[in-house]
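What follows is a pair of forms of the same protein chain, given separately as structure tokens and numbered structure 1 and structure 2.
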Structure 1
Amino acid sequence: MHSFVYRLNGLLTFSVTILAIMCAITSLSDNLHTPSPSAEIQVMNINWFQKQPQGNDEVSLTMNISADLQTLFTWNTKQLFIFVAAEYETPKNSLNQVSLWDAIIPSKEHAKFWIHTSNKYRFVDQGNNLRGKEFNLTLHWHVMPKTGKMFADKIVLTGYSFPEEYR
């Protein structure tokens, strides 16, 4: 006969194995979900566009950000981390990314939103390359699941440009 400790060990091992299999199936079930998020960002105003004393360009934008990210939520989603980045090219770098705004979306109920905001973080270019330059605003998101791997995606919104002169 097996002792109580051996039987308890067998039961706990079996339980942990079943729990691990359930977590793996949960994680794999998220791969079957195909989200269709939407977003729109309008630049309402360029508050200032100036050259700093060090020679770098600095920009302050006022934006309307509207998004419907509810389809990103499944029963396995804990929260979303989202951020808006300005992306542009310069002679020195083929891709420059500057984070302008971010937020954490804790639930599906908060995933459809509209916000009127200025950039939360300073938009400074290393140099004076922004005058007349075209740029994209990109809404990035990271889905943080309860179990399984985290994944990220983005929506690129094109057609924005900086003024030709400093203000």
Structure 2
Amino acid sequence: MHSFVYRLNGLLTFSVTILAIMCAITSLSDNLHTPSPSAEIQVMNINWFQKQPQGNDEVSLTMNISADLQTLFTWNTKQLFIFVAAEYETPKNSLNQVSLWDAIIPSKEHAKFWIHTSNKYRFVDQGNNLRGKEFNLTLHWHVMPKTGKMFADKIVLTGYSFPEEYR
């Protein structure tokens, strides 16, 4: 019972168990924290709005995105993955979510920002339903912890709409 190998085995088992407990407690500590983020998105310009040869509508727009997400950071936060998605309904699809822009915020200092950008990913519909349609722009964030449970939330901003005609 007291050979080197047994002691090594006992030591390894104990340290792995302690590490696992520490990771679990670290992750649970995130539940004690209540964040209060804020964000604003303005659509500055619809650059163009066309129907593709395959029949799908596509739009390119430029947005001003400003947000203060500093309260989302805890000691257990490694980074924040944020993205802006356009969400709308069509006759065929009860929900369409199209990610327009995303970014990784590596630390609290970078979490209060303002950016002027066109959509990073192509905004293509399944079909040609976009003319005159209203849509929401939702800022989603995913908290990626140093260890443990990941969680996500969003702010929904309503009141945007496409032009009535192609441009």
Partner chain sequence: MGLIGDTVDSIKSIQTRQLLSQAVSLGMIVTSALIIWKALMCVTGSESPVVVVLSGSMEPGFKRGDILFLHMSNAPIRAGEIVVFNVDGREIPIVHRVIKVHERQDTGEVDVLTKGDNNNGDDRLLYAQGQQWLHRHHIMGRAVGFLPYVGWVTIIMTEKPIIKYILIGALGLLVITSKD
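Here the rigid core means the biggest group of C-alpha atoms that line up within 1.5 Å when the two forms are laid on top of each other. Values in this document were obtained by computation on a predicted structure and should not be read as measured data. All residue numbers here refer to structure 1's sequence, counted from 1.
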query	finding
Chain form predicted in complex with its partner chain: structure number out of two	2
Core-aligned C-alpha movement of Gly10 between the two structures reaching 2 Å	yes
Did Met22 shift 2 Å or more between the two structures, C-alpha, core superposed	yes
